[in-house]
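Just the one chain here, the form predicted alone, laid out as structure tokens.
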């Protein structure tokens, strides 16, 4: 058994899984809040949709990192890791996206819930709610960029 391959695959799974779970939680929280508003005022659906979608981006970032790893380790292309050390390097490269993706998605979900409350009371202020939620996105992007740079430079 190639333990390096296993460890690298575990890293990819954690990046995809943790970022996906965080996104699901964040989108779920925002959607629950939006559902109450939409039942009373369906015309606000368009403004609330952006707030519902924003926490989902972390799951996409995690998926990209996971696919990049699979492309590099012989699952979807490339060569299998040469040993445990290389597998651990892939695993470590996945951690920023896994951890940053999970926590930023949940935090962004919370900000989106407050944004839903803003839109419910003052629909004209929806852009402020979206900007506030987008500020959290920066930290997901930083985690993604670090994982991305690490993955593309393994074995380089």
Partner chain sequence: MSIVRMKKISVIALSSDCEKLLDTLESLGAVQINSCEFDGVQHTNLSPAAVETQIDAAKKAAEIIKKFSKDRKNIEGGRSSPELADEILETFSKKQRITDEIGKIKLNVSAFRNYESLDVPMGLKKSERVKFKTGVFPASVTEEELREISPLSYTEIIKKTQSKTYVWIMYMGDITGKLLDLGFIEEKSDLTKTCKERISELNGKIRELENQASELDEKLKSLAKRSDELSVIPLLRKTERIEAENKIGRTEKTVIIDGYVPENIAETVRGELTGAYVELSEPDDDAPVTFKNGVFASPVEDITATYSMPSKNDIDPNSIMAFFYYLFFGMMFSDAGYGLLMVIVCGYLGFIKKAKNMKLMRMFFFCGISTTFWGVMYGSFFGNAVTSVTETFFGNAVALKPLWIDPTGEPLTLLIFSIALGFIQITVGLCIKFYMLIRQRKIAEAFFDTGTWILVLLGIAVYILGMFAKPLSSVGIAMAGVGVAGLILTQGRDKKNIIVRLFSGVISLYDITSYVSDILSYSRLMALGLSTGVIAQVINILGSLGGKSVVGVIMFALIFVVGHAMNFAINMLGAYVHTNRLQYVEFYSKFYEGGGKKFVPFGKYYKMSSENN
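Residue numbers count along the first chain shown, from 1. The structure displayed is predicted, hence computed values, not measured ones.
Quick note: we don't show the form predicted together with its partner chain, though the next part is all about it.
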Point to revise | Option touching its partner chain, based on a heavy atom within 4.5 Å in the predicted complex, out of 35, 92, 99, 53 | key: 53
Review point. Any chance residue 111 has a heavy atom within 4.5 Å of its partner chain in the predicted complex?
Key: no
Check your understanding: Taking 4.5 angstroms as the cut-off for heavy atoms, does residue 127 touch its partner chain in the predicted complex?
Key -> yes
Check your understanding: At the 4.5 Å heavy atom threshold, is residue 141 in contact with its partner chain in the predicted complex?
Key -> yes
Check your understanding: Wondering, does residue 64 line up within 4.5 Å of its partner chain in the predicted complex on heavy atoms?
Key -> yes
Review point. Quick one: which of 22-30, 64-72, 84-92, 111-119 gets within 4.5 Å of its partner chain in the predicted complex, going by heavy atoms?
Key: 64-72
Practice item. Determine the residues of 135-151 with a heavy atom within 4.5 Å of its partner chain in the predicted complex and present them in sequence order; the list may be empty. Key: 135, 137, 138, 141, 142, 144, 145, 148, 149
